[in-house]
Every structure is written in structure tokens, then in C-alpha cells.
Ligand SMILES: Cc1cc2nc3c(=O)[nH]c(=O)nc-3n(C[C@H](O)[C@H](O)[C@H](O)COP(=O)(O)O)c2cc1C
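First, one chain by itself: the form predicted alone, in C-alpha cells.
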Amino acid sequence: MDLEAKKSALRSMPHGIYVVTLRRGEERCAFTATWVTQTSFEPPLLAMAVRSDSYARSFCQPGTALALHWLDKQQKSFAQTFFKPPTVEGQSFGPYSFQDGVHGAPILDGVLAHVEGIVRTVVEVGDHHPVLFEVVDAKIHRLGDALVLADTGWKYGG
């Protein structure tokens, strides 16, 4: 296999840029994600990949409430804030405020849209673990063009 071709091909796959928030008891966690896809209509299921050795991965357990947030093309710095675990103070992650969702996941203010979900299963294989979650609530906050990896100049994967 041509490893450079493989890397280039995989890096050219289109990916959205999302911020994921989770709640475990009174603890909250947030991170930026790019590997997300819908896997089922009924029930509505999404999957995302979470780095296996990350702090966020410890939150991804069956039954955990999470929210997946769409950002607009102008929110690159918003996404960057969540590359490392942000400080949680009251109802904010660093400079970004949130409200608790229907099932308790933090819902960030200022995003295009969000879905709230419940983690159903985690597949523990590879350096990123696929996390499957069921969508239990959704909201469009405003219209706009979603931020995608190609808009940022960042490279991830391959």
C-alpha cells in the first residue's frame, strides 16, 4: 500500500467540525469532534469516534447524556477552545455558556443546531473508539453554513 496515498485519501474525506458535551452526575466534559455519521433512522442513531486515551472517553459510557453541536463557518476559534478540556465554571465551558438539556447534557449557546443523545454502546477497538448514541432531542438555533474540516486548514486523520 502507498502510505502517502492512503493518508491523503483519508484526509480528503469531508468531515464536519462539532463540539460534543457530556454529563456524568455533576461532572461535565466537552471536546471537538470530526468523525461523526448517522447510522440509523429508527431508532435515530449517530456514531462518533472518540480518542481512546482521552479524558472525554471516560465519560462515554452507556446511559450517559451527550449533545452534539453544529458550528457555523465563522466559529473556528469556538471549536479550537475544545481541543483541550476547558474549565467548567457554573454554566460555562471557558467563555462559552450552556444550559442543561432535556436529558441533562450541556447545550451550548451560540451554535447553529444541536442534538441531544444517550450513549448506547462503545466499541473498544483502535486508537479511537466508536461511540453509538441515540438522538432523543434536537433543535435548530439559527440558519447558517456548517463549519467543515476543509474550511479550517486543519488536517486530522489518515
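Everything quoted here is computed from the prediction, not taken from an experiment. The first residue of the shown sequence is 1; numbering continues from there.
Another form exists, predicted together with the named molecule; not displayed. Remarks below refer to it.
In the model of the complex, at least one heavy atom of V50 sits within 4.5 Å of a heavy atom of the named molecule.
Under a 4.5 angstroms non-hydrogen atom cutoff, the named molecule in the model of the complex has F31 among its neighbouring residues. Using a 4.5 angstroms limit between non-hydrogen atoms, H128 touches the named molecule in the model of the complex. Residue contact check for S97: none of its heavy atoms lie within 4.5 Å of the named molecule in the model of the complex. Exactly one of the stretches 65-73, 52-60, 87-95, 101-109 approaches the named molecule in the model of the complex with heavy atoms within 4.5 Å, and it is 52-60.
Contacts with the named molecule in the model of the complex, taken as any heavy atom within 4.5 Å, map within 65-97 to F82, F83, P85.
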